[in-house]
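A single chain, nothing else alongside it, follows as structure tokens in the form predicted alone.
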């Protein structure tokens, strides 16, 4: 049955309006029952000095960053700079991290970060890395969970809108990156209305080195120019496969809200990546030109490098039988989720009244007996009934995403009816539902997309906040809601505000990370080319109009702290080494007139700030991170003379004047 979008939209608006109008403006004291009528406060309370049970890594969406919360408290622990410059840490401003934001388009200081994904071993989260995608300028980042800092960013070539990523395979052999937008392949100047003829969709497999985590574009699979929306890789019996949802199987390029909603069914693309590896070994790939950046941060030198790559291996389904199959799925499916056993593949059709679940076993049987409806560009379309495991009938309006609790239950978000619905895997019966406030998108259960979910809490990420917090003008913070799912019924425990727009999140037991967390960088291991291992190694060196200041910092002074002989027009590089070897003792640095940001330097690190003085004078610098009772005394001066002045270069170390 076709659903006319023009008929559906008024209902969506009405439903949303009813939700908002019935609760907007209520003071907290007017709310009865629910979380406020239970012992919810005590169940999310984490006593002073105690740790939360779980970490939650929540995407920042248009902030470009990744935020870290404690669960169940909902306390914000850290914002990790990833795709956007960050003035707090100096990320993207200091010389060491500028290369992290390099792309084939040049320095790109922002992106749209959607889907965190934790590394896995044997299908279980292992606490080593967290990956996240940049949606606008297609990129995938890897965050090192021993430092909670971005360790690597790789650009994705031949892609547009890197949305269906970076979901891991069972042992983090790969993270995937599917293009949301069809684009000319390779890019060229063509008419947009030649979309069906000239545009294609590339699905990218990025290999992850098991010891270092280093990422490489291993290969791409070239598919029709559908929009590839989301993905999850198989596990258990379906290990070796990845499943991508598609919409716009109509191959339209304009007014997709109508034109890409015509077909009753779109597809889940099932990619056999183990078969892809075989074809790569056999040399059955095409090598295509592709310019993209690979950026890596090295903790030993405390700096990043950017390398530009120029080609990629591409597999064409028509030339590689058995590589790709299409599973028909109603209608405009968004999320695709695989249960802990790897048997069931849930397709969440946004415009479908029901929830479709495919069977991996039946898919294999259909492939074996060639139960194909048709073929599209060499890709067999499996018969719908032959791969169908079951249907959750009339569960809600606007299904988006599903996660699992490891007890045989699935939980699906419904955007239009603003609720999370719990249903039984295998019987497909709805057993519980809980309202969300409002218009819920993704949800997260710690380990909920792995083989071993923790199944204690569920976090719903809502697109609309309205009346949930004190008003802050036209823009309100977005909201996450924490539910207890340990019993038969879901129970709302907590609302907490989020950074940016939360799309997806990942949760992990704190015990998997705490003992791995790095506390300092041993000073003796510092290999930064401009390090100063002690105050006796500090110096100021002029090379034409470039000046290098080798500076140290320790509670509570800089060395050197007075510098003269700098001239207007110089490029002054302050190379700052934090000599502290005590946990949680960073130092900051800022100099008057700097046109970038402060920087924070962790114990044992060296980082660099570029300062270009614009006029003559004496300009102060100081520590920006409160470090001791004498923090205010941690300061110094730079004297700047005219461009042609003969002021000698000299600096002060204690009572000694050096030159």
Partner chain sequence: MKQLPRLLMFLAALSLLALFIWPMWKIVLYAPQYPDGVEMHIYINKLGGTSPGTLQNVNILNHYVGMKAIEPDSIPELQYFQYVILALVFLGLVATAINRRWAFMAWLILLVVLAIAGIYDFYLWEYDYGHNLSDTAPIKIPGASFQPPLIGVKEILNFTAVSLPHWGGYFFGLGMILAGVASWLTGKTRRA
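Just so we're clear, the structure is a prediction, and the values are computed from it rather than from any experiment. Residue numbers count along the first chain shown, from 1.
There is another form of the same protein, the form predicted together with the partner chain; it is not shown, and what comes next is about it.
Stretch 573 to 581 is the contacting one of 406 to 414, 573 to 581, 164 to 172, 355 to 363, since its residues have non-hydrogen atoms within 4.5 Å of the partner chain in the predicted bound form. When the partner chain is considered in the predicted bound form, residue 630 lines it closely, a heavy atom lying within 4.5 Å. The partner chain in the predicted bound form comes within 4.5 Å of no heavy atom belonging to residue 375.
Although the partner is absent here, residue 556 lies within 4.5 Å of the partner chain in the predicted bound form, judged by heavy atoms. Shown here without the partner chain, the chain has no residue in 162 to 177 lying with a heavy atom within 4.5 Å of that partner in the predicted bound form.
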